[in-house]
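Taking the form predicted alone, here's one chain by itself in structure tokens.
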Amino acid sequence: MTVQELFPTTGAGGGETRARVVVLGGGYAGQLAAQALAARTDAAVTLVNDGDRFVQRVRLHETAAGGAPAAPRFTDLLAGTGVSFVDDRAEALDPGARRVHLRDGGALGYDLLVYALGSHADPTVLPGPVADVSTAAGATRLRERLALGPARVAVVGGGLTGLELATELGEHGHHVTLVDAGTLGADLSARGARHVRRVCARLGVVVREHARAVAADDGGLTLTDGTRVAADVVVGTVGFAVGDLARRAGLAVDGDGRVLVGPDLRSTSHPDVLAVGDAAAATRADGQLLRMACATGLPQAQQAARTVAALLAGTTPEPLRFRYALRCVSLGRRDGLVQFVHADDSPREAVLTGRLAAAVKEAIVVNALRVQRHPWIPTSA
């Protein structure tokens, strides 16, 4: 499509206005995309988010354990950037008319849309009363429940989210059982997996491997073989889903509902829509699908701004360039694991552990918030 087809409100004639870019979702990818767009282009950028505070999702396990991570207001984050903020929820998209319909009944027109609505815990994975830490509200509810005193907590899912939550709660004196359908640390190096197991043992976290949960109730979990895991609280960290807004609007999506995008992050079916973060089925140059993570969402946000800048300039956008470098895992407040990985995310044997790894993880998390205010800080290796 030509520049004029993508941005019909811009051009050389008098009285024409700036390109209108609407960003849906104020998570790590969406908020950074809005800031980077304002810094790189003269477009009129509007950020839409359901809630007036930026949530540090990678710290929600800290929230659940009783912490209170910073949650700055978007009006403060965006002050002086030129980005307009709308506290509302996108209920429907009309790609033909290039309009976003909002919960309050209003609508926003756009020349270009950045879809960054993220992901949430999939409630269909484990039936029953299951807590989650994929949202600020969920993490806060769990914190309030655990504030009553030491509790028996079953954490379902041995991925990085489950591991961080289990060790955080174990460090705070709760009696934690970590239930993993596979082998704990299967995607880590041998050294990394050994360290994770040592920390779990030290913190009293009981690890149940090759155990698949099929249902939760007020007394705990039932596994596929009928075995019971007693718990006062069950937390699910297996299975993350994206909303169906893109699918309902007719955008091309994959089997998980993530927007299919090309190398420049534009929708394969609607070139006036970009998608970034967890809701985008973005790939590396070799075709590898990028996993849902802050570490992949931030580079995509900066790429989206570069793509828009190129389109406004009438040039061909460069493709996303991304390689994996490491995974950082907090194991409580005083221990951690930095797992170095190859470009394709497969683990190297090299790791950092202990307090040094915890400090590295903290520095990376702090930088993830800092880059929200300073969108030119590099976020990819």
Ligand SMILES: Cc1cc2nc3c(=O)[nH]c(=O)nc-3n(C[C@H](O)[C@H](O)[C@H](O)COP(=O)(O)OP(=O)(O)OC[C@H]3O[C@@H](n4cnc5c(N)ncnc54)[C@H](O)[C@@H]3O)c2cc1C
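Please read these numbers as outputs of a predicted model, since none were measured by experiment. All residue numbers refer to positions in the sequence shown, first residue = 1.
Omitted here: the form predicted together with this ligand. The next part is about that form.
The listed set 268, 134, 84, 222 contains one residue whose heavy atoms approach this ligand in the model of the complex to within 4.5 Å, identified as 134. Residue-level contacts in the model of the complex: of 293, 108, 181, 260, one residue has a heavy atom within 4.5 Å of this ligand, and it is 293. When this ligand is considered in the model of the complex, residue 29 lines it closely, a heavy atom lying within 4.5 Å. Among residues of the shown chain, residue 118 is one whose heavy atoms approach this ligand to within 4.5 Å in the model of the complex. Contact annotation: residue 353 falls outside 4.5 Å of this ligand in the model of the complex, judged by heavy atom distances. Proximity of residue 158 to this ligand in the model of the complex falls outside the 4.5 Å heavy atom cutoff. Against this ligand in the model of the complex, the set 19, 306 and 323 makes no contact: no member has a heavy atom within 4.5 Å. Just one listed stretch, out of 185 to 193, 76 to 84, 208 to 216, 275 to 283, contacts this ligand in the model of the complex at the 4.5 Å heavy atom level, and that stretch is 275 to 283. Of all the residues from 30 to 62, those having a non-hydrogen atom no more than 4.5 Å from this ligand in the model of the complex are 30, 48, 49, 50, 57, 58, 60, 61.
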